[in-house]
Every structure is written in C-alpha cells, then in structure tokens.
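Listed next as structure tokens is one chain, alone, in the form predicted on its own.
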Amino acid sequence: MGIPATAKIDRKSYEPAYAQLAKILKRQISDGIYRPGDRLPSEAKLCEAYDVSPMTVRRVVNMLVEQGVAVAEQGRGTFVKPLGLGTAVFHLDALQQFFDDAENTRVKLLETRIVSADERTARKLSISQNQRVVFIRRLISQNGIPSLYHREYLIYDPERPIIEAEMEVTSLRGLFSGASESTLKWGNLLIEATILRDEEARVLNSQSGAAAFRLEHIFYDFDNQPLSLGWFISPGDRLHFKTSVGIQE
C-alpha cells in the first residue's frame, strides 16, 4: 500500500515534525487507509515520504505503540492494532466535573462524630474492632439536585484534630484534582452496581431500591497503612461513565 501523497510535514509550523507525523498516521488510520492488522509503511519509506530522520520515525512509532494505536513486532514491522474492548479505560471525569463546577456544586456536611469501628470497617482499615474512628457524612448537590451521598471513616488520632479541610469540600476537591494532603500515598478504588437503601434514597431524594453506583475508596499513607475508608453513592440516572476506543478524529 502506497503512502498518500497529500499528507505533508509543515516545516513552518510550531508543531514538531514527530507530532505532525503521528497525527498524519492516526488520521490515515481513522480514515481507513490503514485498517486493523495492516502493516504501516517501513521506517525507510516514512523517512523518504515525509523527509524526516529515522530517529523521528522511531519516536512516532513509540508514541503510537504507547497510545495503543499500533503494535510493533520485531523483525516484521509495525501494525495497526485491532480494536480491543478489553483495553478500554474509564476515568472518573464524571465525578471530577462535580467539583470543577464550583458555582453549581454544593457540599453539605450532614454529620461528623467519633464512633467505634464495626467489623467491616476495622477489617478494611486494619485496626481493632471497636477502635475509635471519625465518621463523616456529606451530601453533594449539583444545580440543587442531590447527586452524591458520601460516607467516610478516618483513623482517629487524638494528636491530630479533625481539620476543616477534612470535613468540608476542600478535601474532596483535592482528591479529584490531585491536590489532596501529602500524607496520602496511594489508594484502591472499586466501582460496583448497587441499589439505594432507605436512608440513601431519602437523602438523595430518590426511590428506595433504585439502581445506583457505589464507588468505594481506601487511601493509604507513606507507611502503606490505611488512613481512610469511604464510598460515594449515586442514583444510576445521575452519574454516567463513558469512554472511547479506537481511533477517531
């Protein structure tokens, strides 16, 4: 298969040649010139067709491989990667939008108190059952509509009083913007389908038994010890996760 003659590198553009060539190849894949399983032109042909160096072509190929557009096979060449739904990645953009829209988003602190950890909480936080933890409940509304019900258990440390940032919106915004407190090293997230219980339905102004999403989070400190356990509950019609697979313009 020949290389389309209309595609050229603009030497006057501020955009580097490698970035332009990567866009050209992805556009050709998007247009169906190169289809899943097709071999992309060789390094020599790309160098000749676009007047670029072998180093530039190798950089482009590495980019396409890293982005999941192509796969390189030693001794055979570079091939357009077939569409694979198993490679789809869903991000938490839907949740982040709540906290990015500060004008229309409200976080209401419903409750904060010190309680004894039940069996499940103690197990998740690797503490003794009945050890004291801080329990926080929040309601996040957008445009006046209750959308997220958040419950969280924090390890209680009498030498570290609960600060306002942990009880109000600041801490939640920080978690989704990457600006949360530096004591957090890593975390586990779990999204699962559930149904609204009576209390959740009442707080969210929804119907008990309605379909919902549950996002559980456990965060760890730099000693790899759990710091907090919590979960967001949202009615299924108020939170949506979507992504795209394959190449599109």
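The shown structure was predicted, so the numbers you read here are calculated from the model rather than taken from an experiment. The first residue of the sequence shown is number 1, and the count goes up from there.
Below, we turn to the form predicted together with the DNA, even though it does not appear here.
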Taking 4.5 angstroms as the cut-off for heavy atoms, does Glu43 touch the DNA in the predicted bound form?
yes
Flag Glu216 as yes or no: does it have a non-hydrogen atom within 4.5 angstroms of any non-hydrogen atom of the DNA in the predicted bound form?
no
Would you please decide whether Gly75 lies within 4.5 angstroms of the DNA in the predicted bound form, comparing each non-hydrogen atom pair?
yes
Does Leu184 make contact with the DNA in the predicted bound form, using a 4.5 Å heavy atom cut-off?
no
Only one of these stretches, 52 to 60, 220 to 228, 23 to 31, 198 to 206, has heavy atoms within 4.5 Å of the DNA in the predicted bound form; which one is it?
52 to 60
Could you run down 117 to 155 and flag each residue that has a heavy atom within 4.5 Å of the DNA in the predicted bound form?
none
